[in-house]
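Listed next as structure tokens is one chain, alone, in the form predicted alone.
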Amino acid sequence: MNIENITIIGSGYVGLALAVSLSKKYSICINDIDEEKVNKLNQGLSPLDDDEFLEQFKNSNPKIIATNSIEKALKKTQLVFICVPTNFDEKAGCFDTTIIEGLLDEISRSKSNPLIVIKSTLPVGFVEKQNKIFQDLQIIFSPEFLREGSAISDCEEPSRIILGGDSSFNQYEKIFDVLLSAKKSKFDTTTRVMSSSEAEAVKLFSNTYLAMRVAFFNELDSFSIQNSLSAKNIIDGVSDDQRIGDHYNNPSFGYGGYCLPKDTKQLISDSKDSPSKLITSIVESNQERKKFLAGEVAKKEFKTIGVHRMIMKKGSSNFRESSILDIINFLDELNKEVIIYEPLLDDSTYLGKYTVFEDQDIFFQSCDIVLSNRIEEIPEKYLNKIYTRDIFNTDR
């Protein structure tokens, strides 16, 4: 079976990055239930308000068709990538995989018989279980390692490509060929094959390690604040050790975004029968960091506290699970007046209680102090009003 037509289910960061990257060689059809996204894609527009995607659709015009009909999307396809959300269900204490389970049932009933690669993050053991339920399907798991704001670049320069399946699956090379086709020719990429459960664990442990690293340097920074020390000097000295390095060492308001918060929680769930004190402490540390910084700001007794941007990082349109949201809540509990500047919010208030400004200058003039997780977009004339822990001006 030659792979010529690829269906990608879901047009979020992962699905859209795959679609753009693979469209140079393959016929790509995106299936999404969001009619507005489908219409934008069929008009040659990016459905995500993300700088990298907006530039790609403006300058490269990727050839992608889109439909909200799963039947149409499966008609001629040989390969399906499933890239839909698996949000963490706080009540159930695990990922909500019902969307994926429903999609696998639809694909099975369609009799289209494509290879299926799940890119959505999963609990350990999910694919193994689904292969037993849907014995007519060939399902594997391939974790994604994309970052918001650089998803397409990460598709073209992948650190590694991992495929996880059971012992009967024998078409890894075809899928490697597809995924490697997006890679820049001179970029060196490691490829690995393992069981689906091992691949699922790789994703969860990778993101939990990154969350741990963020939490570690944030605790270092909190220590520095409390003891009137230079966090930069300490971090520089620590990072000079090549075993530690100078990446992911920039203090912040806490980790957030699509992946790190939910993946750490899922790993805690998967590790409940194993020793996991360190993993559990990462989530606790992240909450303590946000509470600590809110308290530090509140101690300064400014009347009006501004929040400059709620997105996680420059170029992103996402502020789901953004660390600043919890800091706002903590400040609210301390009865502090908070106002917001966020161009991506259409409403004049956030949650009906925080004033949202459209004009950046008026916003700054209305604040006594402004919280900003990253200062790259702050006009120089307002830097004297900024409270940030951004020492190195990087998210890498």
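Residues carry their position along the shown sequence, with the first being 1. What you see is a predicted model; the values in this text were computed from it and never measured.
Here the subject shifts to the form predicted together with a small molecule, a form of this protein not shown in this document.
Residue in contact with the small molecule in the model of the complex (any heavy atom within 4.5 Å), chosen from I99, L220, V193, V283: I99.
When the small molecule is considered in the model of the complex, only one residue from A211, V84, I162, V127 comes within 4.5 Å through any heavy atom, namely V84. Residues D32, L103 and K203 are all found to lie within 4.5 Å of the small molecule in the model of the complex, as judged by heavy atom distances. Stretch-level contact analysis of 268 to 276, 238 to 246, 295 to 303, 117 to 125 against the small molecule in the model of the complex, using heavy atoms and a 4.5 Å limit, identifies 117 to 125. Contact between V14 and the small molecule in the model of the complex is found at the 4.5 Å heavy atom cutoff. With a 4.5 Å cutoff on heavy atoms, V178 does not count as touching the small molecule in the model of the complex; it lies far away. Among residues of the shown chain, R309 is not one whose heavy atoms approach the small molecule to within 4.5 Å in the model of the complex. Proximity of C259 to the small molecule in the model of the complex: non-hydrogen atoms within 4.5 Å are present.
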